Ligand code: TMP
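The chain that follows stands alone, in the form predicted on its own, written as structure tokens.
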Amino acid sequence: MESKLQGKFIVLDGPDGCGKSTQTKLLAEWLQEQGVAVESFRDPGDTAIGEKIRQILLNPEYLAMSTPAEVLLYMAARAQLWAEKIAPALEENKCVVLDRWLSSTCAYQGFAGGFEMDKVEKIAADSLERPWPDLTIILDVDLETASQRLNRELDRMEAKGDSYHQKVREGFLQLAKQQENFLVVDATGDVKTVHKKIVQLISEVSFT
């Protein structure tokens, strides 16, 4: 496992309420137990600039923010995270596990927001040294289950309404069909069950 995952870039993504933050943490811990040198980050965030951008993006005060502005802010935070954290970790042959990445902007702003996924991908290609990871695992969850898990005050993105978030889910599933190195996991089960599914996928996947 250690040699297989050296220098690999893995993303866990999916709709709000899918459990990706919890599963990213559990996966990073499991990889460490297997002797894999691992770094784990969240997107947007984990840099001083990225955290400031995150605050703006998720603040309910900024309801007037346009979808193109969202795309560019997410990409700016991502470019900074790549330069400061991800690229150095990969250069050290560490396995990088990320909570969200480009797939989120494709599903949220590109598909649900109507900006178009191919336009998001073009901006990413011009902005990021490495737009797509070695593996993206989409945690798929239905709207009802997701909303039950968000038992707190909703941030600006989470509060966009059911029709928007249904489109987000559709966007993720469409993206998984279009892109290479994407896998979909049913994330409606409990935390341990979903974690076991992810571990099994990581154990079985062959990186080309």
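Sequential numbering from 1, following the sequence displayed. Here the structure is a predicted model, which is why all the values come from computation and not from measurement.
Separately, the form predicted in complex with ligand TMP exists; it is not shown, and the next lines address it.
Among heavy atoms of residue 158, some come within 4.5 Å of ligand TMP in the predicted complex. Contact annotation for residue 176: none of its heavy atoms lies within 4.5 Å of ligand TMP in the predicted complex. Although the partner is absent here, residue 74 lies within 4.5 Å of ligand TMP in the predicted complex, judged by heavy atoms. Ligand TMP in the predicted complex comes within 4.5 Å of no heavy atom belonging to residue 167. Only one segment in the set 135-143, 25-33, 176-184, 43-51 has any non-hydrogen atom within 4.5 angstroms of ligand TMP in the predicted complex, and it is 43-51. Although ligand TMP is not shown here, in the predicted complex the stretch 11-30 places heavy atoms of 16, 20 within 4.5 Å of it, in sequence order.
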